[in-house]
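In structure tokens, the next block holds one chain alone, the form predicted alone.
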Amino acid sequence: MTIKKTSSTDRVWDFFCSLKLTIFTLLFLAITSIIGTIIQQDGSPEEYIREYGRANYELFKKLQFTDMYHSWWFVGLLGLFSVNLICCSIKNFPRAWKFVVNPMLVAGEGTFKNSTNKAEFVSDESLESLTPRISEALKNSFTKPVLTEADGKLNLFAQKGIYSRFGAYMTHLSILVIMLGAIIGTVWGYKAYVNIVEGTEINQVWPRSGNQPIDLGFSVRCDKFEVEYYPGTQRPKEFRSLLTVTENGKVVIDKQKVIVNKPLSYKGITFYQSSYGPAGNGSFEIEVTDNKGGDKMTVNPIQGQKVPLPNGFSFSVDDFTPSYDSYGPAAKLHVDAPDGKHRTPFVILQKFPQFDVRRGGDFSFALKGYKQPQYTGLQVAKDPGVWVVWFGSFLMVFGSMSAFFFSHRRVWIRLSQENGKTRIQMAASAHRNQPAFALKFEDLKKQIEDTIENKA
């Protein structure tokens, strides 16, 4: 007995075609994806140190856990899985292709004898009269058959759903296409952020991991930023930006509203509403009344600015709060006497303009309004591979449906002349969903039987 020796090339090929390798790579991809979900990705060093401590941060950095999806070992796992997928497809594809280009038109005795779905009839009619009727019945109830003559016997072969055998390979291809799209997005795309103060515009964004800004090739201006709060609270209900995009001095997108889950996209770059905050000191609208002469004037100081008043007096705003207990917006002021001495600070309320009159003094103040300039925080994403990923997802859905919901069904019918009678043998098979095909075969068998018995 001779033992066939396996070459090193065959062993390598068998390794990459191994189902064990597929299970191994899928298991490790799942485990590492859990790590990437638990540990925040692309964060700042300060965030990791605050959350996990410096020692753990240094360990995460060495293991590339902070940017796991771009690490060499994760990319290596994806590459190994891709090679495994390609090798398995190459190994098994020729068999599926053979069913398409070289179908078995004439079934052997074993097929008619051992098939689960089989039937046999005997008729007094001749081959010449039965064959056209059976062929027509098969065409109407199944699909158009192919007629082949072999050894004095007539053979009809019909098949349906042959391309469902390629469903698994289409699913394999879709995974590779999705990975290709992800690679394109990683290499030629980026994720960045930018803060735009109301009334200003930008033409650069800052990547999350990098010190150099990225030029957009156009400008984005924040015309207005608004925040809507829940009644009686300072919790934001909705915040939105009005953004205008200009290119070469021309407006291409005018005042588009951007809110959470409703971004702005232009030239493959998408701007998502992410955050907001105050930008610099706000300005107040304060009405000052001279209590002696009754004269009034309105000024618009910023916080900390010294504002001159008649007769050598002056005042400045020390602090502001949008909610002073239950009284609403309030500002704290102090008045300076002509000799420069600070007088006792006091509070004015926007909802109660006459509140400060009770204080007395040379002047009374009323808070009419407050305007705090805001900046809008935008996340910026460019992913040129997104359409490749979408195409791969479509292939995956189509391939999965072909692989799981359709089957390749084949029917063989042989007509032979024996002892002056015609013998009709039927056999059929389906490579998936056998119980459903068995019911279909019973209907087909009944129709063939009725065709044989009906001579009209």
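These figures come from a predicted structure and were not determined experimentally. Think of the rigid core as the biggest set of C-alphas that the two forms share within 1.5 Å after superposition. Residues carry their position along the shown sequence, with the first being 1.
This next part talks about the form predicted together with a small molecule, which is not shown.
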Subject >> The unique member of Q159, T171, S364, Q350 whose heavy atoms fall within 4.5 Å of the small molecule in the predicted bound form >> reply: T171
Subject >> Position in contact with the small molecule when the complex is considered in the predicted bound form, options I302, L264, V357, I175, heavy atoms within 4.5 Å >> reply: I175
Subject >> Interface segment, criterion being heavy atoms within 4.5 Å of the small molecule in the predicted bound form, picked from 274-282, 341-349, 129-137, 82-90 >> reply: 82-90
**OP:** Give a yes/no on whether S400 approaches the small molecule to within 4.5 Å in the predicted bound form, heavy atoms considered.
**Re:** yes
**OP:** Although the small molecule is absent from this view, report whether I38 comes within 4.5 Å of it in the predicted bound form, heavy atoms only.
**Re:** no
**OP:** Indicate whether the small molecule has at least one heavy atom within 4.5 Å of a heavy atom of V12 in the predicted bound form.
**Re:** no
Original post:
Are any of the heavy atoms in F404 no more than 4.5 Å from a heavy atom of the small molecule in the predicted bound form?
Top reply: yes
**OP:** With both forms fitted on the core, give yes or no for whether the Cα of L29 moves by 2 angstroms or more between this form and the one not shown.
**Re:** yes
